[in-house]
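Next comes just one chain, in structure tokens: the form predicted alone.
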């Protein structure tokens, strides 16, 4: 068995472990609801042990893939996104060891599962690094960023738990709308997995030629029916769907099509859940946060940001600019990925200013924590998949 096969199996073990731990943490929270705190502690300890086992398997995947590829496995969407899921779980392990909060596990682990499932839809084959990535700065810059984002995501998890308890789901309000919008966005990730799996299983392919942003003729193969067409495209495969809209060269229409199909499948799935449950998804989760300590959730969210923010500063700005100078002979070039890294940094800087200078705590702080994670995910999904730039290979 090759190292690549071993790494794939270890990632599968990690995924299954996180899935099992999610349900066991649910048992711990149920014990808390019933007032049996011994039961909560027992189930929480079991769930934590399973999570640690899964995390060790995840680390095993990371290092065996590193051995198989000869470089840090952070060079494409599959590798970076699986690493993001791993650091998110790692951040939770630290938080649980400090605070013993099983309800955070019920939020973090399903999100980590969605992130890893999202990653699995991208090509996972081992391939040589492109010249721009053949540097030790790949491990230094990208690993620091992914660790920082995993820590910052813990703030969003704590904020979401806070909001699930605080927001009244029985009364119409903007807060109820946005809380449910968060649930909807998580279902869209499942929609992406379902859409990708379905079209892969049917073997759908459609080839096109187009003109890229440099004015050079290029070719592309769609794996889903093309809703959007590339710049000045020519359809090469007969009997396939003709794109409805042609996009400018700066937009990757194939990946935009993937996002569109994810929206379609995810929206259908969301409404199926709503029809079966006969209530909003946020309302389904509300009973699990009945006994949550809101002050503790606020503290966890704040501590995650004051730790994650300087790490993000180091990786996403300082290390990134050093590597940019080495690779492209300039520290800054307003590439879309660079711009959104700066937007993310400015957002968390504003969070700390509002928290420390204006006294924004509690619900306001929780909303900001969730909004920060939304910006991180926009950077990961929309900027990487739709907007063409120097980081498009990632």
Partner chain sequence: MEKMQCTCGHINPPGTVLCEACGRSLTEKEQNSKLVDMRYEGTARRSQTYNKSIVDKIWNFFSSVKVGVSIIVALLVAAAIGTILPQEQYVTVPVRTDATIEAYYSDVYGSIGKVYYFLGFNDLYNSFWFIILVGMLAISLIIASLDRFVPLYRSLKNQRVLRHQSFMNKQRIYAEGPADADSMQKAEAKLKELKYKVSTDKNGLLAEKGRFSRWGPYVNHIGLIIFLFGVMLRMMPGFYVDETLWLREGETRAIPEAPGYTLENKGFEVENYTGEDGEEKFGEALDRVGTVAKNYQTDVVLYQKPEDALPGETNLEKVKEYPIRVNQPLKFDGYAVYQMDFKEDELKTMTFALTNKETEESLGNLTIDLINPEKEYTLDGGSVVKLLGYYPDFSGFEDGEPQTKTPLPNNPGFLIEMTTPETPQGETSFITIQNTVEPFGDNDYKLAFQSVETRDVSGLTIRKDRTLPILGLGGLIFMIGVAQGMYFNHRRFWIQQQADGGIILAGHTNKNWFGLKKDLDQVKEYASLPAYTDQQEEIEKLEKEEAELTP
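Positions refer to the first chain, counted from 1. All values derive from a computational prediction rather than experimental measurement.
Omitted from view is the form predicted together with its partner chain, to which the following refers.
Within 4.5 Å of its partner chain in the predicted complex, a heavy atom is found for not a single one of 77, 232 and 240. Taking 99, 271, 204, 177 one by one, only a single residue has any non-hydrogen atom within 4.5 Å of its partner chain in the predicted complex, and it is 99. Between the options 184, 228, 323, 261, the residue in contact with its partner chain in the predicted complex by a heavy atom within 4.5 angstroms is 323. With its partner chain omitted here, the record of contacts in the predicted complex names 305 to 313 of 305 to 313, 84 to 92, 190 to 198, 276 to 284, defined by a heavy atom within 4.5 Å. The shortest heavy atom separation between residue 68 and its partner chain in the predicted complex is within 4.5 Å.
In the predicted complex, none of the heavy atoms of residue 139 sits within 4.5 Å of a heavy atom of its partner chain. In the predicted complex, at least one heavy atom of residue 340 sits within 4.5 Å of a heavy atom of its partner chain.
Residue contact with its partner chain in the predicted complex: residue 361 places a heavy atom within 4.5 Å of it. Taking its partner chain as it sits in the predicted complex, the stretch 329 to 346 comes within 4.5 angstroms of it through a non-hydrogen atom at 329, 330, 331, 333, 334, 335, 336, 339, 340, 343, 345, 346. In contrast to the form presented, in the predicted complex the C-alpha positions of residue 293 and residue 358 draw closer by 3 Å or more.
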